[in-house]
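To begin, one chain is listed below as structure tokens, in the form predicted on its own.
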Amino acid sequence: MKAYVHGMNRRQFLQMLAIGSGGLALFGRGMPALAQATPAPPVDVQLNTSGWPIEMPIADAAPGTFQAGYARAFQTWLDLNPGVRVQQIEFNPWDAAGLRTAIAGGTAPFTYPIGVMGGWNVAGIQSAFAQGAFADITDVFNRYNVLDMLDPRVAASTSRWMAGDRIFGIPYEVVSSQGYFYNRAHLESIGMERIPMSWTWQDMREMALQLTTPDRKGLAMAAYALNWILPSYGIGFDGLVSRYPIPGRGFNWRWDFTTFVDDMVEGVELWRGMYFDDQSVFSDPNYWDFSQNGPLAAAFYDQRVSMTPGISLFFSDMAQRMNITVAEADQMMSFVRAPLGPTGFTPEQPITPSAWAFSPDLSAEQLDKGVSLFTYMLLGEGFIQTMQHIFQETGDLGAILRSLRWPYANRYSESIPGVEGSLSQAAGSNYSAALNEIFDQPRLPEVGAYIPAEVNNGPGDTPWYDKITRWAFTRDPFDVRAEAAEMESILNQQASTFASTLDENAFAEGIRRYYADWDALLQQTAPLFYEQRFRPFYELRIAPNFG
């Protein structure tokens, strides 16, 4: 891949950041193949994996388990690709600093999650590709017809794995908007059958208080609660009415936390009212992990809380941790997207693919085999073989759903060849209906899909998180208005010290399209927010520079 940054090639650029990493065990032969096919010509290729989703097979896995089906499919692929060795290395691909170090030193695993290097947003992901953090896999992606293996909704959402006509990743999972799992029996105790998608944060406050009893809290919440609440007002580090573009003045973005500072005050007071006054929230400054493995989910499992934050993919994991079937989980809980702001706005995407990149240090042969293995095991024939094995041994569609997070990024979320029955029906009517309702919402414009990738990312979000975490939990007196103005000044001063790498005309053209699409969408989906927040902010901050 030819990626150059101000006179430096990719390696030179990344080596400025760090170096590093190590290795473990090899996997090659020794397990029976499932099928006979014409092997590819022999090669001498080694692929280093850090584990999930390309895990090392377990040779003696119990029949009917995911591990058993996966091991047989993995061996089939190895038999079809003689000379390829797969080695497990000890490496944490979720550690951004460690991953950056490994890429710089040429010791990264052959594939890793794109979002880690890209800050989990489109602009950061596109920037990471421009910096050379991901291999350009366009040719091999097309060679293996990967696009045809994807769910059409995933294939249509390209901004997190494609830049222009270049491809740098392969979608693996389908992520819903951030939302909340809720206990259906608890909800029925306050006279509600389900939580509607139209609920607001004020609705949540009232609901959480009603659900709170001497033995439980109504809501579990992560430490960065205000980073969920304030964005529904359009306010955040990259909020729609708190960050704005400027043309040809060094770094192309500035911040405005003062125009709608009353909204910030309202959002902070809402949260603090829930936490301190109502005492309806299970949270503290140390609860940053809202995953299925964290303390918030654990409180939900134990029924010490009635609602817990998450993403839809946690559903099957949560069922496993509660030691219940998928059908039982569907009766026990359901899922809803995060609440709307008071004027009907949400910053949450209905559906987002989670994609994986490939190391830019792979040789052409390694890249070919790496993409082949990844797609075979996770999107294509290996996936089918794995799921067929589970069903043949168990006769249980629920076992398939518990084995991998459903729905899938590939084409088999509804049915799998050779497997009888509907997966959506097996997932349960409550959960499936909730997901379909979320997935059917319109996609939101993402600025990184409209403008060229910026190599210089600009100021970091530390000032924002420092403020909102303190506002959320401190007992010390503070003034949101004064501190918001201070934060705005700090970020804008930092921004003035950065230089942009973008063509001014290309940036302006993309910005005009970006805001035009928001304008059209908000008129239909959030007319009150459009009239009271978006249009005033647009006229104040956008129109003077971009018309």
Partner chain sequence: MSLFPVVGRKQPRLRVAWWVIVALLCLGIFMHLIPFFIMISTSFKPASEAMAMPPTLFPREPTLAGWELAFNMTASARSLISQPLSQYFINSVIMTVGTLLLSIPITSMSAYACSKLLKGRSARYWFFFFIGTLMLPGIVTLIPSYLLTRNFPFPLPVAPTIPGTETPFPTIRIWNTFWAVILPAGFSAGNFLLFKGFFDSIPDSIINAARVDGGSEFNIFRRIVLPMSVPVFAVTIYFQFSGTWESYLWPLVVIQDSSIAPLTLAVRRLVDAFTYAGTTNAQTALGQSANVSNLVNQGLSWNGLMVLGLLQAIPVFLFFIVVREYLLKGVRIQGLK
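Residue numbers count along the first chain shown, from 1. All figures in this text were calculated on a predicted structure; none of them were measured in a lab.
Keep in mind that the form predicted in complex with its partner chain is not shown, yet the notes after this line are about it.
- Message: Quick check on residue 50: any heavy atom within 4.5 Å of its partner chain in the predicted complex?
- Response: Residue 50 belongs to the contact set for its partner chain.
- Message: Can you work out whether residue 170 and its partner chain are in contact in the predicted complex, taking contact to mean some heavy atom pair no more than 4.5 Å apart?
- Response: It does not: once its partner chain is placed as it appears in the predicted complex, residue 170 has no heavy atom within 4.5 Å of it.
- According to a 4.5 angstroms non-hydrogen atom cut-off, is residue 46 in contact with its partner chain in the predicted complex? Contact check for residue 46: no, nothing within 4.5 Å of its partner chain in the predicted complex.
- Message: Check residue 516 for me: does it contact its partner chain in the predicted complex (non-hydrogen atoms, 4.5 angstroms)?
- Response: Residue 516 lies outside the contact set for its partner chain.
- Considering 485, 56, 40, 521, which brings a non-hydrogen atom within 4.5 Å of its partner chain in the predicted complex? If I apply the 4.5 Å criterion carefully, the residue I get is 56.
- The unique member of 278, 396, 139, 289 whose heavy atoms fall within 4.5 Å of its partner chain in the predicted complex: It is 289 that has a heavy atom within 4.5 Å of the partner.
- With the partner left out here, if you bring back its partner chain in the predicted complex, are 294, 311 and 403 all within 4.5 Å of it by some heavy atom? Looking in the predicted complex, the three residues 294, 311 and 403 all sit within 4.5 Å of its partner chain (heavy atoms).
- Message: Quick check for you: of 81-89, 142-150, 429-437, 327-335, which stretch puts a non-hydrogen atom within 4.5 Å of its partner chain in the predicted complex?
- Response: Flagged stretch: 81-89.
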